[in-house]
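To begin, one chain is listed below as C-alpha coordinates, in the form predicted on its own.
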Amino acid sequence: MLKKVLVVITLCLLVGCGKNDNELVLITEAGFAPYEFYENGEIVGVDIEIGKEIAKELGKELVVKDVAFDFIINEIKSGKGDIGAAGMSINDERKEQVDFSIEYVVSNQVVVVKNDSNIKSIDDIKNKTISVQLGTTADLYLHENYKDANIVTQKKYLAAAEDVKSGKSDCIVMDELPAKELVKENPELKILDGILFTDKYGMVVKKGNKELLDVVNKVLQRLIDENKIEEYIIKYSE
(Lines give C-alpha, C1' and ligand atoms only; values in the text may rest on other atoms or scores of the structure.)
Protein backbone atom coordinates (compact mmCIF):
# COMPACT_ATOMS: atom_id res chain seq x y z
CA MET A 1 0.00 0.00 0.00
CA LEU A 2 1.40 3.39 -0.94
CA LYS A 3 2.36 5.78 1.79
CA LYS A 4 0.12 8.74 2.45
CA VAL A 5 1.43 11.86 0.74
CA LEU A 6 2.39 14.68 3.03
CA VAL A 7 2.94 18.10 1.50
CA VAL A 8 5.59 19.89 3.51
CA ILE A 9 6.15 23.54 2.71
CA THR A 10 9.66 24.73 3.33
CA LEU A 11 11.39 27.97 2.54
CA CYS A 12 14.98 26.80 2.26
CA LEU A 13 16.77 29.59 0.46
CA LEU A 14 19.53 30.12 2.99
CA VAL A 15 19.59 26.96 5.07
CA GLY A 16 20.31 23.41 4.05
CA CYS A 17 17.48 20.97 3.46
CA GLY A 18 18.54 17.37 3.70
CA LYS A 19 16.87 14.98 1.30
CA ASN A 20 16.16 11.36 2.01
CA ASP A 21 15.02 8.43 -0.07
CA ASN A 22 11.47 8.66 1.29
CA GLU A 23 10.95 12.19 -0.05
CA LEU A 24 10.13 13.58 -3.47
CA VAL A 25 11.23 17.23 -3.48
CA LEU A 26 9.32 19.50 -5.83
CA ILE A 27 10.98 22.87 -6.50
CA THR A 28 8.63 25.70 -7.42
CA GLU A 29 8.04 29.45 -7.20
CA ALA A 30 4.77 29.81 -5.36
CA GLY A 31 3.46 32.98 -6.96
CA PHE A 32 1.97 31.58 -10.13
CA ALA A 33 -1.72 30.89 -9.55
CA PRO A 34 -3.43 28.61 -10.43
CA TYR A 35 -0.33 26.41 -10.80
CA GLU A 36 1.27 27.14 -7.41
CA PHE A 37 0.38 29.76 -4.82
CA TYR A 38 -0.16 30.26 -1.11
CA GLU A 39 -3.60 29.71 0.38
CA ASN A 40 -4.03 29.89 4.17
CA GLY A 41 -0.29 29.50 4.61
CA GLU A 42 -0.07 26.39 2.41
CA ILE A 43 1.23 26.03 -1.14
CA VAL A 44 -1.54 24.67 -3.36
CA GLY A 45 -2.31 24.55 -7.06
CA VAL A 46 -2.25 22.49 -10.24
CA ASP A 47 1.42 21.52 -10.06
CA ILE A 48 1.12 20.57 -6.40
CA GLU A 49 -1.76 18.19 -7.21
CA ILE A 50 0.35 16.65 -9.96
CA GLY A 51 3.29 16.38 -7.56
CA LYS A 52 1.09 14.50 -5.09
CA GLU A 53 0.17 11.98 -7.78
CA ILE A 54 3.82 11.47 -8.75
CA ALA A 55 4.75 10.99 -5.09
CA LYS A 56 1.96 8.42 -4.69
CA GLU A 57 3.24 6.54 -7.71
CA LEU A 58 6.70 6.40 -6.12
CA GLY A 59 5.44 5.68 -2.58
CA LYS A 60 7.13 8.78 -1.21
CA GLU A 61 6.30 11.93 0.74
CA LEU A 62 6.01 15.14 -1.29
CA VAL A 63 8.10 18.05 -0.07
CA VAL A 64 7.44 21.41 -1.73
CA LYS A 65 10.29 23.92 -1.75
CA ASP A 66 9.58 27.56 -2.66
CA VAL A 67 12.43 29.45 -4.36
CA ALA A 68 12.82 32.31 -6.84
CA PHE A 69 11.85 31.20 -10.35
CA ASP A 70 15.34 31.68 -11.79
CA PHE A 71 16.80 29.36 -9.09
CA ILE A 72 14.64 26.35 -10.01
CA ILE A 73 16.88 24.80 -12.67
CA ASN A 74 20.01 25.16 -10.53
CA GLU A 75 18.20 23.48 -7.61
CA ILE A 76 17.43 20.52 -9.88
CA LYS A 77 20.91 20.41 -11.42
CA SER A 78 22.56 20.46 -7.99
CA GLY A 79 20.37 17.64 -6.69
CA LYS A 80 18.63 19.76 -4.04
CA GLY A 81 15.31 18.89 -5.66
CA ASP A 82 13.89 16.09 -7.78
CA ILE A 83 11.28 17.83 -9.92
CA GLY A 84 10.90 21.45 -11.03
CA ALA A 85 7.43 22.79 -11.80
CA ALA A 86 6.28 26.41 -12.01
CA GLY A 87 4.93 27.08 -15.47
CA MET A 88 8.25 25.83 -16.88
CA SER A 89 8.23 26.62 -20.59
CA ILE A 90 9.79 23.99 -22.82
CA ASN A 91 12.65 25.53 -24.79
CA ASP A 92 16.02 24.53 -26.22
CA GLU A 93 18.06 26.62 -23.79
CA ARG A 94 16.57 24.85 -20.76
CA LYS A 95 16.79 21.46 -22.47
CA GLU A 96 20.57 21.83 -22.41
CA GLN A 97 20.48 21.96 -18.60
CA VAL A 98 17.62 19.66 -17.56
CA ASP A 99 15.33 17.00 -19.03
CA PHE A 100 11.71 17.93 -19.71
CA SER A 101 8.61 15.82 -19.28
CA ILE A 102 5.91 15.65 -21.89
CA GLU A 103 3.97 18.90 -22.21
CA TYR A 104 0.91 19.01 -20.00
CA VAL A 105 -0.34 22.58 -20.42
CA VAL A 106 -0.54 24.89 -23.44
CA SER A 107 -0.39 28.48 -22.21
CA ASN A 108 -1.38 31.74 -23.86
CA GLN A 109 0.75 34.80 -23.08
CA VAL A 110 -1.21 38.03 -22.71
CA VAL A 111 -0.72 41.73 -21.97
CA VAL A 112 -1.97 43.34 -18.73
CA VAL A 113 -2.46 47.12 -18.46
CA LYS A 114 -4.20 49.66 -16.23
CA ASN A 115 -7.86 50.25 -17.00
CA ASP A 116 -7.12 53.81 -18.12
CA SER A 117 -4.05 52.90 -20.18
CA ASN A 118 -3.44 54.51 -23.55
CA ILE A 119 -2.42 51.06 -24.81
CA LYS A 120 -5.47 49.67 -26.56
CA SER A 121 -3.96 46.72 -28.44
CA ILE A 122 -1.20 44.16 -27.98
CA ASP A 123 0.31 45.65 -31.16
CA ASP A 124 0.98 48.92 -29.30
CA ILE A 125 3.63 47.67 -26.84
CA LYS A 126 6.69 47.50 -29.10
CA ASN A 127 8.30 50.68 -27.78
CA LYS A 128 6.77 50.68 -24.29
CA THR A 129 8.12 49.86 -20.83
CA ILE A 130 7.14 46.25 -20.12
CA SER A 131 7.42 44.38 -16.83
CA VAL A 132 7.96 40.62 -16.88
CA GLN A 133 8.98 37.87 -14.48
CA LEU A 134 12.70 37.16 -14.58
CA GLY A 135 13.73 33.94 -16.30
CA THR A 136 10.36 33.14 -17.85
CA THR A 137 9.81 32.46 -21.52
CA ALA A 138 8.01 35.81 -21.72
CA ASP A 139 11.24 37.44 -20.48
CA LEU A 140 13.27 35.68 -23.20
CA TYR A 141 10.64 36.33 -25.86
CA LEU A 142 10.45 40.05 -25.15
CA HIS A 143 14.23 40.53 -25.13
CA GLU A 144 14.46 38.72 -28.47
CA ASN A 145 11.44 40.23 -30.24
CA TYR A 146 10.92 43.66 -28.66
CA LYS A 147 14.30 45.34 -29.08
CA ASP A 148 12.78 48.86 -28.87
CA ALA A 149 10.96 48.18 -25.61
CA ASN A 150 12.30 48.88 -22.13
CA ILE A 151 12.09 45.53 -20.33
CA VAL A 152 11.79 45.60 -16.53
CA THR A 153 12.42 42.20 -14.92
CA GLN A 154 10.93 41.32 -11.55
CA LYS A 155 11.22 38.27 -9.30
CA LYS A 156 7.45 38.14 -8.74
CA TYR A 157 4.35 38.96 -10.77
CA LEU A 158 3.04 41.00 -7.85
CA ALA A 159 6.04 43.31 -8.20
CA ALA A 160 5.31 43.61 -11.93
CA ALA A 161 1.71 44.53 -11.09
CA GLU A 162 2.94 47.26 -8.75
CA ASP A 163 5.13 48.57 -11.58
CA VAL A 164 2.06 49.06 -13.77
CA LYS A 165 -0.15 50.42 -11.00
CA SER A 166 2.48 52.99 -10.04
CA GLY A 167 3.24 54.00 -13.63
CA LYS A 168 6.78 52.60 -13.62
CA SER A 169 5.76 50.28 -16.47
CA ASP A 170 3.13 50.47 -19.17
CA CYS A 171 2.17 46.79 -19.11
CA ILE A 172 2.99 43.22 -18.06
CA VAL A 173 3.41 40.21 -20.34
CA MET A 174 2.45 36.97 -18.58
CA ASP A 175 0.55 33.68 -18.70
CA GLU A 176 -3.21 34.07 -19.25
CA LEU A 177 -4.42 32.05 -16.24
CA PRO A 178 -2.26 33.79 -13.63
CA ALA A 179 -3.16 37.07 -15.37
CA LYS A 180 -6.84 36.38 -14.73
CA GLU A 181 -6.08 35.80 -11.07
CA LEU A 182 -3.97 38.96 -10.97
CA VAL A 183 -6.70 41.24 -12.37
CA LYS A 184 -9.25 39.60 -10.09
CA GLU A 185 -7.17 40.75 -7.11
CA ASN A 186 -6.27 44.09 -8.71
CA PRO A 187 -9.44 45.57 -10.27
CA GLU A 188 -7.55 48.59 -11.60
CA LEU A 189 -5.85 46.24 -14.07
CA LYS A 190 -7.24 44.50 -17.17
CA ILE A 191 -6.13 42.02 -19.85
CA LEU A 192 -5.98 43.29 -23.43
CA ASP A 193 -7.74 41.31 -26.14
CA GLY A 194 -5.54 38.93 -28.09
CA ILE A 195 -2.67 36.51 -27.50
CA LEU A 196 0.93 37.68 -27.81
CA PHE A 197 2.31 34.15 -28.20
CA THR A 198 1.58 30.57 -27.11
CA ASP A 199 3.73 28.62 -24.67
CA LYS A 200 3.97 24.96 -23.59
CA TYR A 201 4.70 23.79 -20.04
CA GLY A 202 6.54 20.72 -18.81
CA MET A 203 8.11 19.50 -15.59
CA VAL A 204 11.89 19.17 -15.30
CA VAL A 205 14.23 16.61 -13.74
CA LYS A 206 18.00 16.33 -13.52
CA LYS A 207 19.57 15.53 -16.86
CA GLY A 208 19.90 11.78 -17.34
CA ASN A 209 17.44 10.81 -14.61
CA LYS A 210 15.42 8.62 -16.97
CA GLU A 211 13.91 6.50 -14.19
CA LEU A 212 12.21 9.49 -12.56
CA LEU A 213 11.34 11.07 -15.89
CA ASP A 214 9.55 7.90 -16.99
CA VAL A 215 7.42 7.97 -13.83
CA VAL A 216 6.64 11.68 -14.27
CA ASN A 217 5.59 11.10 -17.88
CA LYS A 218 3.48 8.08 -16.92
CA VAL A 219 1.59 10.06 -14.27
CA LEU A 220 1.20 13.13 -16.49
CA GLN A 221 -0.19 11.05 -19.35
CA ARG A 222 -2.66 9.35 -17.03
CA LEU A 223 -3.83 12.69 -15.64
CA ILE A 224 -4.18 14.11 -19.15
CA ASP A 225 -6.17 11.05 -20.30
CA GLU A 226 -8.45 11.35 -17.26
CA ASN A 227 -8.90 15.12 -17.82
CA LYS A 228 -7.61 15.63 -14.29
CA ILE A 229 -5.30 18.51 -15.20
CA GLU A 230 -8.22 20.45 -16.66
CA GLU A 231 -10.13 19.74 -13.44
CA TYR A 232 -7.21 21.04 -11.36
CA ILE A 233 -7.02 24.22 -13.47
CA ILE A 234 -10.74 24.87 -13.05
CA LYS A 235 -10.57 24.12 -9.31
CA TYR A 236 -7.74 26.54 -8.62
CA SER A 237 -8.96 29.24 -11.02
CA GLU A 238 -12.31 29.72 -9.25
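Residue numbers run from 1 along the displayed sequence. All values reported here derive from a predicted model rather than from experimental measurement.
Heads up, the form predicted in complex with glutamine isn't pictured, but that's what we're talking about next.
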| request: Can you check 133 to 141, 161 to 169, 115 to 123, 146 to 154 and let me know which stretch has heavy atoms within 4.5 Å of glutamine in the predicted bound form? | output: 133 to 141
| task | Answer yes or no: in the predicted bound form, does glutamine come within 4.5 Å of a heavy atom in every one of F69, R94 and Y201? | result | yes
| message | If we define contact as a non-hydrogen atom of the residue within 4.5 angstroms of the partner, is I76 a contact of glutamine in the predicted bound form? | response | no
| request: Tell me, yes or no, whether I83 is in contact with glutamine in the predicted bound form, where a contact means a heavy atom of each within 4.5 Å. | output: no
| query | Are there residues in 22 to 44 with a heavy atom within 4.5 Å of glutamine in the predicted bound form, and which are they, in order? | reply | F32
